[in-house]
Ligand SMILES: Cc1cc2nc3c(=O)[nH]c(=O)nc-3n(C[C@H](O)[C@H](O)[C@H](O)COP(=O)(O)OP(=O)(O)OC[C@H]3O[C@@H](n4cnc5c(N)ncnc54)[C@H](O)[C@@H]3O)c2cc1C
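Below you will find one chain, with nothing else, as structure tokens; this is the form predicted on its own, and questions on how it binds or moves follow later.
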């Protein structure tokens, strides 16, 4: 295996270290070596250290990205793990097919989506990514090539779905796409003047839709604390479109990118507060409208290298889920922590989860999930994250491993009670513990 050493980080750019990487050109080269630490890495869009392996080799999957087969009757796609959601949308969206579940960026691979068991704005109806995977191929450090389905090997399937790439290399995936009539979304906005009102809107069955997400003004205080806008949507039927909306038209491509790191203090409390006030008023005035799904699902993808807006030192994104009964109090407590530190998060997103999945380390559980950017890095970010994590634990929740950079081993074990069960399966699939990541080392994954 040929390797070279390069500077590598997650999307949050913290931590960042020089790592040994290999880049196989073909599927035959995509296999872990059995005598060294390995980790697969797709597009590097996990935020913290989940896709780093400081004392081993990071195997880049970006060139193992062939679409292998597609059943136009059932929507079943067979593809290599390095295929990105962008690849799938480019080929299949004009043909009337869409992803069953998608995170907030399309620049992620199928392998990464399964390893993180990603969720989307439709989790309350569709579950997470693994619920739509019919099978995958797992390449283990013992040299096995396992065809894994929920029926023939449920232990390996559910340990790998959400297992953060630590059970083996994910090789090929069979994913069920969904049929749609157009590339447009029918969107509605509802404003909540504070968090209580916003929760009321999100729990209102009469406002329920296929997709649902709320933006929060995390700087609003007093009676307006947690004010926000709930945005619901479903795929627009072809008959509902007017003449200017062709069913599968592509949006106008306005390529924008941040060419350099913005000054670290540019996104301060004053600038973000002004933005939030304008955004809240503007979104509150919007009536029902059509929006192209590439805009609705991936608003930040229209800005290349948007992670540069937090400056050279980077940032962390903290995402947690709080069980339904404790969610309102828990989210208020989290916002209070952010306001105590005077942090101005440019992004604060609230979603409602449905039933939890079967993955031993999958993130979703029934409740509400909050994601916020912390525009600081290093020890300062981890001090804030520690206070946020204490609130999460107090309210029975958990932190999303795909975005974590600061969690402690005891906190991880308290948040993920099925870890011992997962560890037993990990030891069967990878008995010498060669599948490894910096996140795993930090959380002492592999130890009881």
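All values reported here derive from a predicted model rather than from experimental measurement. Numbering follows the first chain given and starts at 1.
Separately, the form predicted in complex with the named molecule exists; it is not shown, and the next lines address it.
Review point. Does each of 321, 330 and 398 have at least one heavy atom within 4.5 Å of the named molecule in the predicted complex?
Key: No: no residue has a heavy atom within 4.5 Å of the partner.
Review point. Here the chain is shown alone; which of 216, 108, 202, 133 has a heavy atom within 4.5 Å of the named molecule in the predicted complex?
Key: Residue within 4.5 Å of the partner: 108.
Exercise for review: Have a look at 175, 372, 169, 293 for me and say which one sits with a heavy atom within 4.5 Å of the named molecule in the predicted complex.
Suggested key: In short, 169.
Review point. Can you pick the stretch from 192-200, 99-107, 179-187, 223-231 whose heavy atoms fall within 4.5 Å of the named molecule in the predicted complex?
Key: Stretch 99-107 is the one.
Review point. Residue 44 near the named molecule in the predicted complex, any heavy atom under 4.5 Å?
Key: The answer is yes: residue 44 has a heavy atom within 4.5 Å of the named molecule.
Practice item. State yes or no: in the predicted complex, is some non-hydrogen atom of residue 11 no more than 4.5 angstroms from a non-hydrogen atom of the named molecule? Key: Yes, residue 11 lies within 4.5 Å of the named molecule in the predicted complex.
Review point. Is the gap between residue 113 and the named molecule in the predicted complex 4.5 Å or less for some heavy atom pair?
Key: Within the cut-off, so yes.
Check your understanding: Within a 4.5 Å heavy atom cut-off, is residue 415 in contact with the named molecule in the predicted complex?
Key -> No.
**Study point:** Residues of 381-414 having any heavy atom within 4.5 Å of the named molecule in the predicted complex, listed in sequence order
**Key:** Those in contact are 400, 402, 403.
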